[in-house]
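Here we start with a single chain on its own, the form predicted on its own, put down as structure tokens.
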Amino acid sequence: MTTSYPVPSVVLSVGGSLLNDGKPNAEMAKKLASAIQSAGVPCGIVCGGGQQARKRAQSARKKTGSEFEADLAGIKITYKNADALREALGPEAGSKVFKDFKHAKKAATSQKYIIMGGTIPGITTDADSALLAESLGAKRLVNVSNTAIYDSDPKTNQSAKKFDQMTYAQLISLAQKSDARMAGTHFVFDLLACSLIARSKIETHFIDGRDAGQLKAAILGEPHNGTVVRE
């Protein structure tokens, strides 16, 4: 008998920095999978590339002088990271990583977890996660990285202010200052992704995915110590 699942109402954008610190981090994939499973709800999941993707992108950029080729090189690594998380989640995550939204949506009721990597050059996995949420009609997106949102980089500014809550407009304003639109650049959430969640009013949570309790709370829409973006 075929199992049927509800269409996911939450999408996770899993930062590559958690899944790949130069090579796929199998232990972190297992930890993330355990936290996701503990929430008990179907999820769409998009995985980033991390350090290895940045290195591959830089190498491709140097060799070809092409941002398009740099993006393609980074996207390949997102598939490896996504596959590691898929395996950690087990049979309910299906047998493959999806590379387009059409096929991901088609599988949404036949497996509990829909796993994707990147899609096309010029589009980050942040934006992919927002597009997947739009495709599925999900109204909550969880950005799973190693930080909440601050008004400046807390690594270089000890007085950086963390936002507990903020509006879409405030998030877009921050993104405009840091989005370089180049493969391998680092920012919390890129400008296109911010615009997408704003247009579809997708409540977005930014949490430290290394804390399983925080991840579970964000998936369920419960209070956590990260940042929540809404109107």
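Keep in mind the model is a prediction, meaning the values are calculated, not measured. Heads up: residue numbers just count along the shown sequence, starting at 1.
Keep in mind that the form predicted together with a small molecule is not shown, yet the notes after this line are about it.
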Inset, instruction - Note which of Thr109, Ser135, Thr119, Thr147 lies within 4.5 Å of the small molecule in the predicted bound form, where distance is taken over heavy atoms; exactly one does. - result: Thr119
Legend entry - The single option of Ile45, Ile36, Ala193, Ala53 touching the small molecule in the predicted bound form, heavy atom within 4.5 Å: Ala53
Inset, instruction - With heavy atoms only and a cut-off of 4.5 Å, decide whether Gly209 touches the small molecule in the predicted bound form. - result: no
Legend entry - in the predicted bound form, Ser17 touching the small molecule (heavy atom, 4.5 Å): yes
Legend entry - Residue contact check: Ile123 to the small molecule in the predicted bound form, 4.5 Å heavy atom: yes
Inset, instruction - Give a yes or no for Ile75: in the predicted bound form, does one of its heavy atoms lie within 4.5 Å of a heavy atom belonging to the small molecule? - result: yes
Legend entry - Location of the small molecule contact in the predicted bound form, chosen stretch of 160 to 168, 66 to 74, 23 to 31, 36 to 44 [non-hydrogen atom, 4.5 Å]: 66 to 74
